[in-house]
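Presented below, as structure tokens, is a lone chain in the form predicted alone.
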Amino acid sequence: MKRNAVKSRQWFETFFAGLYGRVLAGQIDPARTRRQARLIKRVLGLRKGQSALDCPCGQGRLTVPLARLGLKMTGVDLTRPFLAKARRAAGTSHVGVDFHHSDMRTLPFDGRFDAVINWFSSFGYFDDAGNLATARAAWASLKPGGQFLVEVINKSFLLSHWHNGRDEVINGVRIVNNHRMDRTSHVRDTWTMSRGGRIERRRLCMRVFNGTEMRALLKQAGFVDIRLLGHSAKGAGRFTRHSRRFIAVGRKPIG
């Protein structure tokens, strides 16, 4: 008799549940969120009425402010509780946002958007094939001439400022984080989150990129006119290997 195989869950299917939702909600204040939304619109050169996909959108932190700036927004996420919070946020702000539950490797869109936005180190969740599939799904979701924006930590900076862990409190949640990087440039973290008597342990495994690697991946996915910008709290500027974070933008060819 054959036993039914039990499919093991991937880290990103469980990591964002529970206390991490509270951490995420407290990581960036509303004023900084509004600045980031304006920065995204400016970097992409988007005009009022143009369409954009926030993928993954999480709790709608940027989706809703971008809609308030006049963009026609759609949000996609795999975490259903985050989508519920995002829908409530859109309702409270009186903006119309179309939210979908989907894996970002297999998006249910075809040439619909002027831009696809992947923000705050939300790229690199998978192995190399899965990360390429993510970029190709974004490419397929864009109109000809549309742009894909990715914002991530810079691997070169991370390696030169490496530490094996941290201990901090965000929004009332204590986080003890231990991490290492493997030979495939995947950071493997163990997070222990606690609040009151509640303790949760989560693991993540994320691919990190330097500028050269990100440019090559976007090119492989079919993007052209790829540009890199350094990103900090002050905004976007010249990208160097010393930039803590960076923004990559690629364009889908016309014709």
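For every residue, the number given is its place in the sequence shown, counted from 1. All values reported here derive from a predicted model rather than from experimental measurement.
The discussion below concerns the form predicted together with a small molecule, not included here.
A.B. asks: To test your reading of this chain, name the stretch in 66-74, 50-58, 214-222, 194-202 whose heavy atoms come within 4.5 Å of the small molecule in the predicted complex.
C.D. replies: Result for this chain: 50-58.
A.B. asks: Only one of 102, 131, 185, 177 gets a heavy atom within 4.5 Å of the small molecule in the predicted complex. Which one?
C.D. replies: Contact check passes for 102.
A.B. asks: Quick one: of 93, 171, 121, 160, which gets a non-hydrogen atom within 4.5 angstroms of the small molecule in the predicted complex?
C.D. replies: By the 4.5 Å criterion, the partner-contacting residue is 121.
A.B. asks: Does the small molecule come within 4.5 Å of any heavy atom of residue 62 in the predicted complex?
C.D. replies: Because a heavy atom of residue 62 falls inside 4.5 Å of the small molecule in the predicted complex, the answer is yes.
A.B. asks: State yes or no: in the predicted complex, is some non-hydrogen atom of residue 113 no more than 4.5 angstroms from a non-hydrogen atom of the small molecule?
C.D. replies: It does not: once the small molecule is placed as it appears in the predicted complex, residue 113 has no heavy atom within 4.5 Å of it.
A.B. asks: Contact between residue 126 and the small molecule in the predicted complex at 4.5 Å, heavy atoms?
C.D. replies: Answer yes; at least one heavy atom of residue 126 falls within 4.5 Å of the small molecule in the predicted complex.
A.B. asks: Just to confirm, residue 23 within 4.5 Å of the small molecule in the predicted complex by heavy atoms?
C.D. replies: So residue 23 does not count as contacting the small molecule.
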